[in-house]
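This document starts with one chain, in the form predicted alone, laid out as structure tokens.
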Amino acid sequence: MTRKFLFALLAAAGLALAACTQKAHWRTDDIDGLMPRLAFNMTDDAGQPATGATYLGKTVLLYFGYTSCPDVCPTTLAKLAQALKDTKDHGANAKVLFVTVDPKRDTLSRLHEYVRAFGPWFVGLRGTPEELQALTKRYRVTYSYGKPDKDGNYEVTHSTAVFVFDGSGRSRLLMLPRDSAEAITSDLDQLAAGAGS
């Protein structure tokens, strides 16, 4: 083995190592390892059992809301749809899990119709009261129900953060209403490229 070849080999190994430890420049909040791994037991909007393991290998954006939400939920989901559409792979390796905090009104069929209107990346999740309580407690998500009006309609106050998990199910990012679609796209592209791993 010549000295030149050995130097070239070492240089290539150094570049590979640098690529593996690429430093991230996140535009949303870095919560790497600060939240529990992705884990839940619920039913998806197609009526199939869904767990955290169902989505291993995908970047997962986890959001809690309800289909009757007048503003925050549709605004957030539309922004996520735009961000995913603008990623380098057009969201091919990502899923947005929309967990209803209003299972009383959000039937599976209603959830299905609602989430699919935002694009192919969205999956609605519905659980029993016990399953929902376990999941919201796991990620410290709060929600409460307002007083019903004369027609039985009510609002639900809920957390507005989006939790992002990498393909291994590890918590990585927290996205808030202040974050732009461009910032979300940038961070999802970095995550897909292995930044911060």
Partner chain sequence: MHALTAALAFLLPWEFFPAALVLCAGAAALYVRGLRRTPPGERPGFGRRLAYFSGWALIYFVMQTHWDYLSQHMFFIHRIQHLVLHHLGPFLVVLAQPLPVLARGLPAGIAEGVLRPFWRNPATRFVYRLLQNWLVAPVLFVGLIFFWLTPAIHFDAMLSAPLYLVMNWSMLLDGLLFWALMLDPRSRREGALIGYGPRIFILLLASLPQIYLGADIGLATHELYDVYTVCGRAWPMSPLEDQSLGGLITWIPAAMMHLLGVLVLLGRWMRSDQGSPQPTLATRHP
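Numbering follows the first chain given and starts at 1. As the structure is a computational prediction, the values presented were derived from the model and not from experiment.
There is also a form predicted in complex with its partner chain; it is not shown, and the following applies to it.
Enquirer: When its partner chain is placed as it is in the model of the complex, are I31, S159 and L174 each within 4.5 Å of it, taking any non-hydrogen atom of the residue?
Expert: Looking in the model of the complex, the three residues I31, S159 and L174 all sit within 4.5 Å of its partner chain (heavy atoms).
Enquirer: By the heavy atom within 4.5 Å rule, which residue out of S144, T128, Q48, S168 makes contact with its partner chain in the model of the complex?
Expert: Answer to the contact question: S144.
Enquirer: Can you tell me whether N153 touches its partner chain? I mean in the model of the complex, with a 4.5 angstroms heavy atom cut-off.
Expert: So N153 does not count as contacting its partner chain.
Enquirer: Tell me, yes or no, whether C69 is in contact with its partner chain in the model of the complex, where a contact means a heavy atom of each within 4.5 Å.
Expert: So C69 does not count as contacting its partner chain.
Enquirer: So in the model of the complex, does R140 come within 4.5 Å of its partner chain, heavy atom to heavy atom?
Expert: It does: once its partner chain is placed as it appears in the model of the complex, R140 has a heavy atom within 4.5 Å of it.
Enquirer: Quick one: which residues from 110 to 132 get a non-hydrogen atom within 4.5 Å of its partner chain in the model of the complex?
Expert: Contacting residues: none.
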